[in-house]
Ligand code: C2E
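Taking the form predicted alone, here's one chain by itself in structure tokens.
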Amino acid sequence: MTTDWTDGANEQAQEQHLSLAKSLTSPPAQIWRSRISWRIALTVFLTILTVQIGILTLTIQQQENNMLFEIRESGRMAIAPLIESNMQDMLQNPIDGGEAERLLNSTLVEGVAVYSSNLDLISAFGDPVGLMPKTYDDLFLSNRTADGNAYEVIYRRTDLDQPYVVAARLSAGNVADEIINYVRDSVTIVLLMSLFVTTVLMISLGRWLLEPILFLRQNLLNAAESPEEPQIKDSPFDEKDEIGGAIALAQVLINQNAENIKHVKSAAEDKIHKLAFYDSLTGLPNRTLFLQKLSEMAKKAGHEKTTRLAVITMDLDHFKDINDSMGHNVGDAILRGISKRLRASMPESAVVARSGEDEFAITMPLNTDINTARHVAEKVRNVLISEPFKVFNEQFQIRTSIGVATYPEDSIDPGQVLKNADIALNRAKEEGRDRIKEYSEDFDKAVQARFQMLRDLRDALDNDELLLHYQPQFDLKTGRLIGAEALLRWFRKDNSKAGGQFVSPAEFVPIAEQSGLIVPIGSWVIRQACETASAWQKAGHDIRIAVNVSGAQFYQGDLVELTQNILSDTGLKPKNLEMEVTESIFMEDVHHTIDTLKELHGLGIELAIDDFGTGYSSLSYLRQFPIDRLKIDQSFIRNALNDANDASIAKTIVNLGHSLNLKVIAEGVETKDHEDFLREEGCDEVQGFRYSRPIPSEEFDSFLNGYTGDLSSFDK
């Protein structure tokens, strides 16, 4: 009975093995025509090969270490018996000269240096030994010569069981050959194993994977076309089967992804809104929210007709010196202390904001107890100087310059009242700091200077004195130089020895925008940038040029027709032109924005949102804009490594952009740490001083031709 059962089982097993072998050796013909099968098989082959090569790479060093250890032991076993242990004089050579000669001629020992237990050299023979123990820490050293033919070691007293230390030079010339043989044999085995596994897999794919994968591929394509509302078919495959279960799981994940995208958009909108209106360090409102609150209070005061508002702006005197000398941790602690002291001393009706790095702004209704804005300023000043701020057992006496303005006496426009307070603050700093200055119409001389700058700027445009500098942009994953941002520069001529000086864009661009001069300047910028990019294109460099478009230019000029004409005149490929617009442009007239952006995109150019995260735009509208790229403002990148909120904003923008199938570029990358942070968060593109400051076109040409494509080259 037992024998019959065993024979039957053996026959059944043999039949199963034959059936399996037949199925593996008779694959369907389509397996050899299926691209997906070849891709999977090739991937598996390369994966197995890579893993095995990786393992081999790890074992090579171990193999080499083992061989060197054997050489070391052979040397020790050859040297130890030659040392005489009964020497009366411990500084006498313990190795007989004849024995030493036989040692050098008949063993792998090429040279020996004998030291006393105090590391005094007693004798040496054979080839010089480079290892010379000078301290007891050196007794654990070993060294392989540059040509690999010798291995130098030190034998301690415990190794020799003698009161001597011996440094030896051992022959290791055969190590390299043996390692090569080891690698050759291992690679042969790896290749054979990889080919075998790949062949079996190719045969199996045709029967068990091809049809389910094609079904899964179609569902994924449908999901990719509409990630928020995926139109996927029900799976006809058994969910209990591994592949059928995987397909069912993929369908669950597709549906979850659709829900996650909706959730990310909603959460990102709320998070960006919150972070964009409050200072992350102090928790106070920022300047944007302060101005909004001031406008609301002014509107309410206008209805009541008797309410006046004090508007105070203040700047901490020489606060930069504290940061530079004591560190930003101390500076941040002082700022937090100031914010708490100000908030606690002001009534509930007051709005206290941090409007800059070391600047604060306060507004509050004036009443019978405090009926002038100067009284508010004096109270603020007394609060700050009443007692020093104590940080890390150090005391800091803070002084401040304060500018004062009053609504509606100094202006009926809330924004202008705040500007007037800033003008007064600047006058306080100009007059020596540590003082309160109330706004006066006499300060309007500064306005006259702005008018003069506007006249000079018009002349500069008419006389072709403006110029562009270019800052390179890189693909963070590949290191390839993919484009450059065109940045406007103005060398304002004067009668100085230098013939003039550069004016900061922060000074003249706002003046140009307020006057409308930004429209013709913007047209000049687009044309000049396209001409430069066209020259790069003709030189064989297929990179894009990014230009900023102001709100005035976006709404007042015929931007679409202008762009089309410039592209036609310069011959620049439309895909190599990118226009950067700010979030505020979008919200002024949504319908006009959508129409204009679609027309621009229809020309073939790319569109980017500049300084994303610093303003506030509805993400529900953002979905309708034909945007290609989000640009993270440099303020978030600069502080991302030290400020968790800025890091969170940057990460949120990257995730939001990717959920909308947009590229994300970060500006203001100044250090390798910034680059590593952005790479870890999955940012696509970067620009900043780490790679290059904005430079003239001639310097950019040299940079373009000399760049090797390796971002690590900027580490030097």
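Sequential numbering from 1, following the sequence displayed. Just so we're clear, the structure is a prediction, and the values are computed from it rather than from any experiment.
The protein also exists as the form predicted together with the named molecule; that form is not presented, and the subsequent description refers to it.
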| item | value |
| --- | --- |
| Interface segment, criterion being heavy atoms within 4.5 Å of the named molecule in the predicted complex, picked from 661-669, 61-69, 47-55, 646-654 | 661-669 |
| is_contact(Phe689, the named molecule) in the predicted complex, heavy atom dist at most 4.5 Å | yes |
| 4.5 Å heavy atom contact, Arg458 to the named molecule in the predicted complex | no |
| 4.5 angstroms heavy atom contact with the named molecule in the predicted complex for Arg489 | yes |
| 4.5 Å heavy atom contact, Val380 to the named molecule in the predicted complex | no |
| Heavy atom within 4.5 Å of the named molecule in the predicted complex - the one residue of Val109, Val376, Ile518, Ile545 that qualifies | Ile518 |
| Heavy atom within 4.5 Å of the named molecule in the predicted complex - residue from Thr406, Thr282, Ser550, Asn93 | Ser550 |
